[in-house]
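Here's a solo chain for you in structure tokens, the form predicted alone.
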């Protein structure tokens, strides 16, 4: 089974603080890293974490406020200085192509490895074999995208007693049928996975809201997610300010989490005014108990359910 984990590299909103850098979330799936946003200093956050920026295959930018993309020039150059050879794909809203052209013409630097850029729209889906990246346009005043990573469904539970009764010997054939492969016994009998396995089980799902005020679209987008990472810039006392600036409160994020029936909510894009996580966690836990303020360098293992 492929390991899936989340590494929070930057959880502050607008500008860095002593304890928090600006937005960057790494999702590590096996040996591949998907990076969501790249605020200034992200390459140094990688160096202080257990993840390697050299494993990044794709970068997804939510929008073009500086605290979400200004780390790109430094990260791209740092990869070059560490002899990166494989290509890098960068995705974002309309304008990402021009932005990257500008970045790649800064100063006297140009990478030797290939960088591919892709402009995304609301409700696009990107298919990468074992997982899909889905896109949603959220509500932040400027064009901003939310993302989900959704794994393919996996084979149902293996019924060992049924397998032995049918005549499948323990060993390699067990392994094949557990992977969902059709097998042939020595006597020529063909056994299909559905004869041995239970109903297919859903793959893991992680949703990243991007900067946004609460939107009903997010409830459907995040439905049944294992993890929702949602903009929670302020607490409920500052609801009007939050929404006026295109952000959510911790309580509003929790409302979305509850209605979407997710497993865990992580609050991010925390305003620098908060030195105490408890204020936001308490605000969210009034309505959704499984709410946590994300911390820089916190690692979350996303396990299979069922």
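Just so you know, these numbers come straight off a predicted model, no measurement behind them. Numbering follows the first chain given and starts at 1.
One more form of this protein, predicted together with another copy of the chain, exists but is not displayed; see below.
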TODO: Considering only heavy atoms, tell me if residue 66 and another copy of the chain come within 4.5 Å of each other in the model of the complex.
DONE: yes
Open item on the list: Please tell me whether any heavy atom belonging to residue 268 falls inside 4.5 Å of a heavy atom of another copy of the chain, as the geometry stands in the model of the complex.
Closed with: no
- [ ] Evaluate residue 180 for contact with another copy of the chain in the model of the complex, applying a 4.5 angstroms cut-off between non-hydrogen atoms, and reply yes or no.
- [x] no
Task: Heavy atom of residue 17 within 4.5 Å of another copy of the chain in the model of the complex - done: yes
- [ ] Counting non-hydrogen atoms within 4.5 angstroms of another copy of the chain in the model of the complex, say which of 193, 111, 74, 203 makes the cut.
- [x] 74
Task: Answer option from 273, 237, 261, 48, heavy atom within 4.5 Å of another copy of the chain in the model of the complex - done: 48
Task: Options 135-143, 208-216, 224-232, 183-191; stretch whose heavy atom lies within 4.5 Å of another copy of the chain in the model of the complex - done: 135-143
- [ ] Just give me the residues of 177-216, first to last, that have a heavy atom within 4.5 Å of another copy of the chain in the model of the complex.
- [x] none
